[in-house]
Ligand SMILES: NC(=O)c1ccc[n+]([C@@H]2O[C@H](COP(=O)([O-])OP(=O)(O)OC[C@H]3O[C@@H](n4cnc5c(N)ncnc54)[C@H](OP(=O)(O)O)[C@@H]3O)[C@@H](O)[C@H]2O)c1
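Here's a solo chain for you in C-alpha cells, the form predicted on its own.
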C-alpha cells in the first residue's frame, strides 16, 4: 500500500499518519504549506494545495499511490455559509481534481464526509438513507459525494463521521470535548444547546476505520462515528460528571436562541451495523476516551 493523505495537518490527518507510522505503511502526508505535525517525518511530507491541479499531479507522479485518503476540507459550517465560493472550491472542486488524479493511477479514493448531509428529521441514519443538506457546507459534501456516486469508476469509498475530537499538534481549531474540559475546569459559565443530538467520534477510532477501509479495499459508503447519541447539553454534563465538577454553570438553551449563519440538523446519529460487520469497527465510549485524553 502507498497512501496519499490530504489534510495531514488536521486532527484526523495526524491520527492517520500516526497509525501508518506504527504499521510501517508507505505514505505521503500532504497539507497546504509547511508540515505542522512534529510527529510526521519531513521525509513523508509534501506541501500540496488540493485546489491546484499541477501540485496534485506532481505529488501523485512522484509517489504512485495505491490509495488516497482525502480528509482536507473547510468544515466550519458558519464560515462556509458566508464564503460559498471558497467552500465550493475547497470541498467540491478539490475532490474532483483529486478523484481525477486517483483514477489515472487506478488507485482507491476515499472521501471523508459528514452527518450533515442529512436534515436531522429521522436520526440513526444508515448508509442508504436519502440525503437532504440544510447548509452550504452540507451541500458541498453532498456534491463531493455525488462526484463519486455518478462516475463509472467504482474504486472509491466515502467515510461519513460526526463531531471528531481528540488531541493533536498545532491545530488551528479546537473541538467541543477539549473546549468543554477546559471551560469546566476554569469554572466558567456555559450555555449549551439541548436540542441537537450527535454521536461524537474519537479521532483515533475514525483513523482506524479509514485505514481499515483502505486495507480491505472496501468500496461504497461507511458510517464511522462514536457509538452513543447525546444531546450537546447532555454531552457536556457527562464530561462534567466524569471530572467531578458541578454542573450548575451549564445552562441549557434552544438552538432557536442562537444567531448561527448555517442551519444544523436537529438529530443525526448513525447506524453502525455495516461498519461493525465489514470493518470490525468497534468505537470507544466517551468515558473510555476521556480516560485516554486526561492521562
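Keep in mind that this is a model prediction, so the values were computed, not measured. Residue numbers count along the first chain shown, from 1.
Absent from the display: the form predicted in complex with this ligand. The rest refers to it.
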property	result
Interface stretch in the predicted bound form with this ligand - options 69 to 77, 148 to 156, 127 to 135, 179 to 187, non-hydrogen atom within 4.5 Å	69 to 77
One residue of 112, 87, 214, 199 in contact with this ligand, assessed in the predicted bound form (non-hydrogen atom, 4.5 angstroms)	112
Contact label in the predicted bound form: residue 142 to this ligand, heavy atom within 4.5 Å	no
Residue 223, heavy atom within 4.5 angstroms of this ligand in the predicted bound form	no
Residue contact check: residue 9 to this ligand in the predicted bound form, 4.5 Å heavy atom	yes
Residue 161: touches this ligand in the predicted bound form, heavy atom cutoff 4.5 angstroms	yes
Residues within stretch 43 to 69 having a non-hydrogen atom within 4.5 Å of this ligand in the predicted bound form	48, 49, 50, 51
